[in-house]
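Single chain ahead, written as structure tokens, the form predicted on its own.
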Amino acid sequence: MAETFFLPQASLDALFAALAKDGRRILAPTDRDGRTELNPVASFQEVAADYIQTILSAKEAAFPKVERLMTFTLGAKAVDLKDAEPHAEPTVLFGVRPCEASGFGALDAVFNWDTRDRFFNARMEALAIIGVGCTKKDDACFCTSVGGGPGSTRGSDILLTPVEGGFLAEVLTPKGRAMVALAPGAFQPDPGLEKKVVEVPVAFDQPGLTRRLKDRFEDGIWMEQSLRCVGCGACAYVCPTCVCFDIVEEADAKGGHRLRTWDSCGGPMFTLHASGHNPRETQAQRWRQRVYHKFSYYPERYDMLGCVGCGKCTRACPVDMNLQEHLAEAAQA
């Protein structure tokens, strides 16, 4: 059960200082070069004052764009292989929205499905999340349509909800209690604060969509919806739950590295076989895969959705594809 406190805004610098003294990096939304993105900060004054979402997702804290898995050196008669060790810097994610915080659960389902991924798990063990509930939304938000909410505590170790003069702090996990213990003077007894967040109307019937997809695999709707898609992959790279990756090697005559890099199932090369055959050779098939993966295959395999309704894909799309609208259309009979 969550413990609740009042965290005055004036006490946040004391909390940040205590976290830094404990050797933790703090990543928080900042406004730099006209973009709101997660960056390292030392004080609360550096945190963006007014934002709905960062453009990129927070998943890179546990699943970086590029990760070295091993190195190899070519000798005269042998190859010397060395496993890479995870670089898991103690990190606090501050200010991520509840949808983003819940996205780590979808990543965990994949990286611990049949084999535990030691790189991902090392970073998650070193990661703590202080989420901030939403008091604003835009037309791209649809968290309530996929089981979330602007005040959802899922995924956060501490969830802060803005109130006059500071935040209502819900301390939810042992990691959250450990952070409170680092700066006990920053947290005050809850005087009975009311948790108020923005209202996000439900946009479509998600259970109905998942049921409807069983009969729409060969439907012409995927061709119609994908006609605007340019296959750039922006939706996948900003998504908190997209987990496609590729394994590549960079090498010269003396040796090299094996790397894990982000990839996108929306790209034509993703399923291209060495034979030249491509089971998803059209953009319509790749768009269909994106929807089915998140709303049909994920529920079947992991008993959860592969979408948190953050709307980042819609905001990032260069041709204005609106995921919420397309899902609502697909959910209709």
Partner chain sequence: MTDTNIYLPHLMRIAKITEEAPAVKTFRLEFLDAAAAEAFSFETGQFGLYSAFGEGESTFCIASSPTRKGYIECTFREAGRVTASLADKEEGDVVGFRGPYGNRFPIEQWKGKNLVFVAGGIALPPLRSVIWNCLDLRDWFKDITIVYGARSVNDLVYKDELKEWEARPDVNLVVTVDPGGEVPGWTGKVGFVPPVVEALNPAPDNTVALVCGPPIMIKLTLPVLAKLGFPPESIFTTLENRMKCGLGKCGRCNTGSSYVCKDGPVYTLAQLNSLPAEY
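Residue numbers count along the first chain shown, from 1. Values in this document were obtained by computation on a predicted structure and should not be read as measured data.
One more form of this protein, predicted together with the partner chain, exists but is not displayed; see below.
Peer 1: In the predicted bound form, which of 141-149, 230-238, 198-206, 243-251 comes within 4.5 Å of the partner chain (heavy atoms)?
Peer 2: Result for this chain: 243-251.
Peer 1: Answer with one of 283, 36, 39, 271: the residue that has a non-hydrogen atom within 4.5 Å of the partner chain in the predicted bound form.
Peer 2: Contact residue from the list: 271.
Peer 1: Would you check whether the partner chain, in the predicted bound form, lies within 4.5 angstroms of a non-hydrogen atom from each of 77, 118 and 263?
Peer 2: So, yes: the whole triplet contacts the partner chain.
Peer 1: Check residue 178 for me: does it contact the partner chain in the predicted bound form (non-hydrogen atoms, 4.5 angstroms)?
Peer 2: No, residue 178 stays farther than 4.5 Å from the partner chain in the predicted bound form.
Peer 1: Evaluate residue 30 for contact with the partner chain in the predicted bound form, applying a 4.5 angstroms cut-off between non-hydrogen atoms, and reply yes or no.
Peer 2: No, residue 30 is distant from the partner.
Peer 1: Please tell me whether any heavy atom belonging to residue 277 falls inside 4.5 Å of a heavy atom of the partner chain, as the geometry stands in the predicted bound form.
Peer 2: Yes, contact at 4.5 Å.
Peer 1: With a 4.5 Å heavy atom cut-off, would you call residue 223 a contact of the partner chain in the predicted bound form?
Peer 2: Result no; residue 223 lies far from the partner chain in the predicted bound form.
Peer 1: What residues of 102-116, in sequence order, lie within 4.5 Å of the partner chain in the predicted bound form by heavy atom?
Peer 2: In sequence order, 110, 111, 112, 113, 114, 115, 116 come within 4.5 Å of the partner.
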